[in-house]
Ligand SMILES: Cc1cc2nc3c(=O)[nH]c(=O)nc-3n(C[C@H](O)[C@H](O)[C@H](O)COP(=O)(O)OP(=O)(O)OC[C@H]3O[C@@H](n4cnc5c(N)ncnc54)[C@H](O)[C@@H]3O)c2cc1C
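Below, in structure tokens: the form predicted on its own, a single chain.
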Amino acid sequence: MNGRSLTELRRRHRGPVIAPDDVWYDTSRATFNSLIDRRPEVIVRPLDVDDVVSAVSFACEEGLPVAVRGGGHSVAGHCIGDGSLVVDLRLMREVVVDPEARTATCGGGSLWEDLDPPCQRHGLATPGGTFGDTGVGGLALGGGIGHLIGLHGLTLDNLVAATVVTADGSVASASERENADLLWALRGGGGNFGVVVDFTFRLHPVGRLLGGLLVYRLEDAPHVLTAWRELMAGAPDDLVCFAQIFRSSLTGQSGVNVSVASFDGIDEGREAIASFIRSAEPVMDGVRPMYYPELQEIFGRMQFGLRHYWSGRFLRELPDEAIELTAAQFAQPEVEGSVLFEPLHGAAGRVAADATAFAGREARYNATFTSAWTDPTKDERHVGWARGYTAELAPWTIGGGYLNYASEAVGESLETEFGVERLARLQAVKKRYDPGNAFRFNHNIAPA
């Protein structure tokens, strides 16, 4: 892109425009995962939808592909693309709550810590993930597995409307009444269809709850994971627990943790987990009465700048053999990382498979190996541990993996992830809204 073009972009775009020669370029292109080192042509930070339109229209005129940054937490680094125009939405984080209609609308660059507190002031929430400092947009467009999954489903199940700037610079409203095909595709198809400048979510009453972390010794992993599986097998919708086995040289810690989120009252919650609590002695019991924003902080914060590789699969079951191979993985003292087990529980499992583009409805669990490190000489071994573990899950997998967590998709065509019919439907929507595949920095769905 020449200097004249850059001058024209700066004339049309009121928010910051950051080019490779600018002092803030390198910090602006940095992402959550320091394995990613990509150099866009230019980065823009729009102030509103008009700025987004000017940026996307400029990219169309110049023949530049477009990457979209919300929270910037994509482990695959999809928010930055080589040779792209990056639309960095971090200045668009306004939140408007309508407590009467029980809806909230947030800007495309919002984080969950922007959205959750204004909703909680009215005793309301929408299902998010499990970290307050991650982006709303990326999570919502790919799924959204969190503590409210049992009662209210995935994040995308609660997305009722969105405003999207498509590849030609047009502004499209997506809802059940208008451009319903686009709303369907946004609910699980990722950032393939345009820049989502705002999201509107359905809200639900969420009051004081029982929540927190239980931490166990690493050597107790087989017993704890088995007991957790049995707890969740009979759990009501208002009880959601995730389990994780971990070892980290960064923190020097190892063990097993189980998160607890019970929304049926404090005493009722304690009764619901009583048998699990009795099954093993935790080294730390952090379960206590709390409100939803505190629940969203129990795992801490996701540090930027580490090297990451994540790999996982949807599972139709979690038999003893899968638990044993997981524990055996971490019985090897050199192995680092974590395996997170999330039940696809309650309301999320009752949504029809074709109601949204999300591809994991038939699964019972999501299992993900996550690895984080700092030394570039250890890249190969960390990637190998993650890939090796997920390969061993093959006997129990359904389709591919949860793309929100995936460093790489299982298959190049995404048929493994979405299935033939769902992928064909997504490709048709892609062809309508982005026929030239300008939005290609994602788990990419090629136009039909």
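All residue numbers refer to positions in the sequence shown, first residue = 1. Source: prediction; values computed, not measured.
There is another form of the same protein, the form predicted together with the named molecule; it is not shown, and what comes next is about it.
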*Check whether Gly349 has any heavy atom within 4.5 Å of a heavy atom of the named molecule in the predicted complex, and answer yes or no.*
no
*Do Tyr402 and the named molecule share at least one heavy atom pair within 4.5 Å in the predicted complex?*
yes
*Report yes if any heavy atom of Ser84 sits within 4.5 Å of a heavy atom of the named molecule in the predicted complex; otherwise report no.*
no
_I'd like to know whether Phe32 contacts the named molecule in the predicted complex, with contact meaning heavy atoms within 4.5 angstroms._
yes
*Out of the stretches listed (223-231, 123-131, 264-272, 285-293), which one is close to the named molecule in the predicted complex, meaning heavy atoms within 4.5 Å?*
123-131
*Using heavy atoms only and a 4.5 Å cut-off, determine which of His73, Arg307, Arg247, His204 is in contact with the named molecule in the predicted complex.*
His73
_Contact assignment for the named molecule in the predicted complex, among Gly153, Gly312, Gly360, Gly191, heavy atom within 4.5 Å_ = Gly191
*For the stretch 118-145, which residues lie within 4.5 Å of the named molecule in the predicted complex by non-hydrogen atom distance?*
Gly129, Thr130, Phe131, Thr134, Gly135, Gly137, Gly138, Leu139, Leu141, Gly144, Ile145
